[in-house]
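Only one chain is given next, in structure tokens, and it is the form predicted on its own.
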């Protein structure tokens, strides 16, 4: 069994209490790795290492060009280890080796490459001459926050860790990453990769352990200046509550129940494939999955038939087989959650026209693609995030009703509109209360553009220059004109 320690101050070490967590391969239901489990004392050590590194200036005093070179080196090492990292990612979380090889690992490398490029030529100080209300020079600076914590989910471990580390480093911060307890390994490997690329000791630290201990300590630690969290809305509320004790900056990318709207002029063959891809990609374990498919009444039956037919092309199987397009759920708990929601859908009167059961497999937390029709938007399967391969098909009468149903949700993370008329689709997209809208596409998150949610889907944005600015403070320096008599002082002095 593979053994992994905490990565603190440039080295791997055991947890002080000697506690460990076994990582279970979701396809075999057997442990494949044992990982150190951080307690509060270990988190404190990681924060102290990050604080000292920041105070020393060993990273923040590097030029943007120097940071760019190191971030680019991180990307190069990830690409060089791509095959091994993809295998680890698939074993740890149950995602297919196809997804890990073509999306997760290249996406992580691409994130570091993007922020390296953003650093090159970056201007963090601007100067303005002003005459009102008085003559002055004005300097606006962007500076690192300091010690930043990133709390990473289990669905895209290496990619989400990169989303936290790369912009934080680009901005000059030091970082502590807390991966999910069930998928900790690739984040721990990233710690060493960063060191090998030239990141100084203490600048990137990784502490695996339970969220209730390690995560909560990071979110409440007085020396942590910012928390970037990706995960459920419920846990996001807790992070926000803990961070409020010291008024930390927070970026929260939370849950979703995204609408996938099929307008009545859409190409139904393509839209049906898009509706299935929007839900069943990575077993539905994607925060912005299009789990509410909205279709006009006159096209409902045809679209459902095409979706059912499309699911025949989905191959549920061993994630290490390059031909498998759906692997198992990440854990037995997540499988139980999916089964419970399918039961709730049936009890509410929705019709399960496909799936609703587990495939015949010798082992693994597998679940078949599941389609519900006859769904009212008020049902729990339409309002609550299932995080599994379950889609609700909902009828609407016209574009206005489609928009109303789409926005009738506590969430607002993603969504899509399918239409042969781009202007009509844009009109609908502009009215959706959600952070990302795709037109005639789905899941196409681009590192160059902002990603985040409206309403209870989050606070702030990741990626692009917006993601880097989220790891910066903004300072204004006023340089008053050097005159012997500042007449406005008379407001206080006679």
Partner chain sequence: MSEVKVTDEAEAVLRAVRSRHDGVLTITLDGGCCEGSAPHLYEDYLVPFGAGEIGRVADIPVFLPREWQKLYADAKLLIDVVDDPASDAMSLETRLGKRLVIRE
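Everything quoted here is computed from the prediction, not taken from an experiment. Residue numbers count along the first chain shown, from 1.
We do not show the form predicted in complex with its partner chain, though everything after this point is about it.
Contact at 73, 91 and 198 by its partner chain in the predicted complex, all three, heavy atom at most 4.5 Å: No.
Quick one: find which of 172-180, 103-111, 417-425, 396-404 has residues within 4.5 Å of its partner chain in the predicted complex by heavy atom distance. One stretch meets the cut-off, namely 172-180.
Please tell me which of 346, 137, 340, 120 lies within 4.5 Å of its partner chain in the predicted complex, judged by heavy atoms. It is 340.
By the heavy atom within 4.5 Å rule, which residue out of 233, 368, 324, 296 makes contact with its partner chain in the predicted complex? By the 4.5 Å heavy-atom cutoff, the listed residue in contact is 233.
Looking at the partner-bound form in the predicted complex, is residue 374 within 4.5 Å of its partner chain by any heavy atom? Contact check for residue 374: no, nothing within 4.5 Å of its partner chain in the predicted complex.
Whether residue 147 contacts its partner chain in the predicted complex should be assessed with a 4.5 Å heavy atom distance threshold; does it? Residue-level check for residue 147: no, no contact with its partner chain.
I'd like to check something about residue 153: if you look in the predicted complex, is any of its heavy atoms closer than or equal to 4.5 Å to a heavy atom of its partner chain? Looking in the predicted complex, residue contacts with its partner chain include residue 153, since a heavy atom lies within 4.5 Å.
Consider residue 238 of the chain shown here, and say whether it contacts its partner chain in the predicted complex, taking contact as heavy atoms within 4.5 Å. Within the cut-off, so yes.
Counting only heavy atoms, which residues in 204-235 are within 4.5 Å of its partner chain in the predicted complex? Stretch hits, in order: 209, 210, 211, 212, 213, 215, 216, 231, 232, 233, 234, 235.
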